[in-house]
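Before any questions on how it binds or moves, here is one chain, the form predicted on its own, in structure tokens.
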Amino acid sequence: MKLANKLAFITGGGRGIGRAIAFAFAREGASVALAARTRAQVDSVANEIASEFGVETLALECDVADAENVGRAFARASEQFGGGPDILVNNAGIAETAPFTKTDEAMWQRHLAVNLTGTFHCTSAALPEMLERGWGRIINIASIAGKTGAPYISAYAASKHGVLGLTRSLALEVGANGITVNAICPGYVDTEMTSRGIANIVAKTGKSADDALSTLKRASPQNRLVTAAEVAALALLLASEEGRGINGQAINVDGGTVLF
């Protein structure tokens, strides 16, 4: 198995992309620690994975924006598994929309705290043991919004641009230590987050849900939403030995929406 004897720590692991990545990694033999603010969701996913694949799992309630909270979660994982993670997936995130003139400081800070500083907190917790071990994989779930701008998502886009800057800089620092640092940049993914976006479009424009979904699909030349499983497949490559030559990259999974 590609990830036998590896421990993966996945934030935002209770649903959507995080859940899909957890299943993909467990299928290849990894033990998984799942962290999210909603304990019931990560409990459910951890139980499903343990039952289906027989790997060791741990569910953790964790707010990545809180450094002390993150420290406790990593300490608990280290206690159970006998060490820190070999693979870190920084997937926890939020996405809110508003015109810039209605983007207040609180909304701005929420996006930076969760999407960018949360990635910093978890990476800071995981990296020292990876450096000691001489092996590690850090996978940041960013967004094509980290490469382009779009109306009404200035806070979200700024936070994801920051994630890409962190990814690239850290990759250059630790590349000689057996560690890779990469970002995955999905387009619109068929997840609960996109469903909330559709509901928001309906509420603000009066469009039907079907029309709103069609609008999002047309953003891709493939005229469809990406699946969480497609994102997970790329994460698996980046986490494995087969992906060791990929470092410092921000790889789109968007059907061709953004061509760089």
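For every residue, the number given is its place in the sequence shown, counted from 1. Everything numeric here is computed off the predicted structure, so don't read it as measured data.
Just so it is clear, the following notes concern the form predicted in complex with a small molecule, a form of the same protein that is not shown.
- Figure note: of the listed segments 81-89, 131-139, 180-188, 100-108, the one touching the small molecule in the predicted bound form, with heavy atoms no more than 4.5 Å away, is 180-188.
- Residue in contact with the small molecule in the predicted bound form (any heavy atom within 4.5 Å), chosen from Glu52, Asp211, Glu68, Glu192: Glu192.
- The contact residue chosen from Ala30, Leu34, Ala235, Cys62 relative to the small molecule in the predicted bound form is Cys62, the criterion being a non-hydrogen atom within 4.5 angstroms.
- The closest heavy atom approach of Thr38 to the small molecule in the predicted bound form falls within 4.5 Å.
- In the predicted bound form, no heavy atom of Ala22 sits within 4.5 Å of the small molecule.
- For the chain shown alone, Ile17 is a contact residue for the small molecule in the predicted bound form, at least one non-hydrogen atom being within 4.5 angstroms.
- The small molecule is not drawn, but in the predicted bound form it has a heavy atom within 4.5 Å of Arg196.
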